[in-house]
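Next up: the same protein chain in two forms, each one alone, written as structure tokens (structure 1, then structure 2).
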Structure 1
Amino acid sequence: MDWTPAGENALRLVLSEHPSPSTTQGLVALQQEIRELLGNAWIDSAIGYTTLTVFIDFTHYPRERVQRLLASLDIAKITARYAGDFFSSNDAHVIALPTLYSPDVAPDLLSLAEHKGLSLEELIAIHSGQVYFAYANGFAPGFSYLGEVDERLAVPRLATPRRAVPAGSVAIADRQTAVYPKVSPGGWHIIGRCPTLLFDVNATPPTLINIGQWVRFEPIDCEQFVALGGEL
């Protein structure tokens, strides 16, 4: 593995593989292994679709020593050790997000269905009918990039982003879907709303969805949405 400098206190690994659940799972496993190896020298890390950046306190270990150590790791063997239930897509390990698919909370739901030549019921069935993989977290705390969306629902980002997307908005852009954890700007097509809290600074970990996990959306009605704390 070729680790290259990423600023004065970080090293980055870039994999040649295409983005996939197995690639991300390898990066997650490698991240856990390196954290244990570095101990007090560990500061933080960031996983991308095919990258792992590790932030290191080089006052504990010289940079050259750390680079040699990381280069000697076998990602395939590490992935096998760390896989277990964490990477399982079995129902017992999938995060279920209750979702209200309704024009009352989703301004792009009907227009997307019409654009795709689908009924509202067909669109909902397609989006909620599969399990999604969390490839990366970013943009905002608790925002997870989930894929891949069925190609029948794939749609480019909005030409003009909205200045304020309501918290809990379930949206699609290209072959990805996500939930906006807080009110924020956004250019994705909104097709539903989820009442589940995705980011809690007092929780451990603070994010409900973490990289390498699996997620599915469960359709609910307005009454269930309000009972779960949602606001219409």
Structure 2
Amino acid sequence: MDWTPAGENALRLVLSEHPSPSTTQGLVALQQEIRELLGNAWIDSAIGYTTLTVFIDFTHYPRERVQRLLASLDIAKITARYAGDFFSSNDAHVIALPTLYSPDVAPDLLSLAEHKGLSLEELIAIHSGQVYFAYANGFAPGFSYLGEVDERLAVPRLATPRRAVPAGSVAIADRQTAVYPKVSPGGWHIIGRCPTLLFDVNATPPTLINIGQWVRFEPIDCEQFVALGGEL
């Protein structure tokens, strides 16, 4: 495994060919180790589905020295040490996202059910009946790419993205699901709405869902939605 350049101040590593929760857990472990190793040379880092990109201040820390340091890491050992340690899909560690599945807040709910030959109840049961893994954050602050959605619900993105998807919209694209933390353009199919705040600049960390965590959607009704701060 090689560290290759990602522009003038970053190096990237492809940990595996395909994404999986264990790959992501390995990337998180590696990220922590490297942050400690690099100290002040570390500027930032970002996890992708299969990659770790580390931003480094090469104007103060010579590239060769940093590269030697990174090359000395026993990647297999680091990723194995943490495997299964931090993250558990056991109930206690799963983030619950209360979700109102209703056509009133979800313009694609009925059409998706019809398209998939499912009743509304079946669709809700499938989407809320499993845990999802946070593979990456991006697109917008607090937006987590969650997977994998049951094949029975998988659907390509909308041909024309919406200009403004309401905050809290729970949506599906391919075998991924996500919650839009704030109003933004979006091309995913909206099937519900979650009243939980996903991004708060005053919180540490500012995101509710962090890479490597498990998430579950919990069906709620209108009253609960409003009681939890949701706006209809």
Partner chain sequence: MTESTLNQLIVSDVGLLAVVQDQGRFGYLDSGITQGGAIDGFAYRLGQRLVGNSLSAAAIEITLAGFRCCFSHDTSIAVTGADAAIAIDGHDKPMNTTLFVRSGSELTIGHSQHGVYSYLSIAGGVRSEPVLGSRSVVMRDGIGANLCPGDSVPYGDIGPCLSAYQYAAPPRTESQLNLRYIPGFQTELISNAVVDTFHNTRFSVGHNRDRMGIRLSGPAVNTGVSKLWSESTCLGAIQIPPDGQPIVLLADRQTVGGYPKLGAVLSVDCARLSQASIGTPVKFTAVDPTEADRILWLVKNYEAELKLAKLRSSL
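FYI, numbering is relative to structure 1, first residue = 1. We call the rigid core whatever largest set of C-alpha positions still superposes within 1.5 Å between the two forms. These numbers come from a predicted model, not from an experiment.
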### Query
So which is the form predicted in complex with its partner chain here, 1 or 2?
2
### Query
So, does L208 move by 2 Å or more at the CA between structure 1 and structure 2, with the core held fixed?
no
### Message
If I superpose the two forms on their rigid core, does the C-alpha of D221 end up displaced by 2 Å or more between structure 1 and structure 2?
### Response
no
### Task
Examine A10 after superposing the rigid core and state whether its CA is displaced by 2 Å or more between structure 1 and structure 2.
no
